[in-house]
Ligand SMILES: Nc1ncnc2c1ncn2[C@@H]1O[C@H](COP(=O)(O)OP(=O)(O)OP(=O)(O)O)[C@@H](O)[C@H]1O
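The chain below stands alone, shown as structure tokens; this is the form predicted alone.
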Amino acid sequence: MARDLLDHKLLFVTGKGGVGKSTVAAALALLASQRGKRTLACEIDAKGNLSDFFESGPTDYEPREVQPNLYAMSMDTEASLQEYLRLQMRLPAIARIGPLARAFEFVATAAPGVREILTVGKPVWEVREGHYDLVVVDAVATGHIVSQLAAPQSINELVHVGLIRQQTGWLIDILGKKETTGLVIVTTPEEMPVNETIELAGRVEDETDVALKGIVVNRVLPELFGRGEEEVFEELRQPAAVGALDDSLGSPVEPVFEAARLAVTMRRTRAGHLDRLRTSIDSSIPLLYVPYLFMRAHGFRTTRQVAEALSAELSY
């Protein structure tokens, strides 16, 4: 299944805030473009920073090429509504939709699912029209993704005839095709992100038609020391050995041993969370591991390194 991830037409990438969701979305889009696919990276939150990961400058509703084969855009509710009215309702394009936009805000507030339809509809429409080989959506966080993905079905259950029913019909068809559309959850090997991932995996299966196709575990610590090295460190931490090393090196060595112990403890604690994640979800869902990069800021270099890590995972 991991090998087939980039063979989809539409991938939604979600995750708890702070786990690196946008980094992974950008990296998947970059990797797909490097493999020859005409790819669109679509940022749902227009206040986000997806463009930072390509160091391409701000993006807007109109897709533009930021790397060879790779295009990026940011969602804009008013622009999306105007495009929807022009393409689906056959209304002429107008410079500003002012009163209509305010009416839409009123309807969207009163009828849950309307705003989500408009947001999800844009990347799904790009897939329907075949403009790109793959659309990667930097989607909303885990707390909101289910309602967004389930919105077309919710509207369909309320409206049984007419134009709206027709419009939600093709959305549901594309979202529900497992060979076309998939969800990727990004997590880190920590208690809260893993808990949210396990909960979300169950909700996605129960409440949406979108298939969970992979979980990316970000910031995985390497195993620096094995049990043999740990035994050596413990012997060297004996008072006599520490004193001899301090005298020999001319500086205290205890902080070094403490750092080694901390690294081992963190690695084992995180490994425990990963074991729980693996045993709590369907065994057919692949886990893709991205190592901790120890970088202070994100940018294209980070995106490229994460893409390389994902490429290695997808090659197994």
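Each residue number is its position in the shown sequence, starting from 1. Note that the structure is predicted; figures quoted are calculated from it, not measured.
Keep in mind that the form predicted together with the ligand is missing from the display, and what follows is about it.
Out of the listed residues Met192, Val232, Ile198, Leu245, Met192 is the one that sits within 4.5 Å of the ligand in the predicted bound form by at least one heavy atom. Mapping the unseen interface onto this chain, Leu11 falls outside it, with no heavy atom inside 4.5 Å of the ligand in the predicted bound form. Proximity of His298 to the ligand in the predicted bound form: non-hydrogen atoms within 4.5 Å are present.
In the predicted bound form, at least one heavy atom of Asn218 sits within 4.5 Å of the ligand. When contacts are judged by a 4.5 Å heavy atom cut-off, Pro291 counts as touching the ligand in the predicted bound form. Segments offered: 126-134, 144-152, 234-242, 184-192. Contacting the ligand in the predicted bound form at heavy atom distances within 4.5 Å is 184-192.
Residues Lys16, Gly17, Gly18, Val19, Gly20, Lys21, Ser22, Thr23 are the ones in 8-37 with at least one heavy atom within 4.5 Å of the ligand in the predicted bound form, listed in sequence order.
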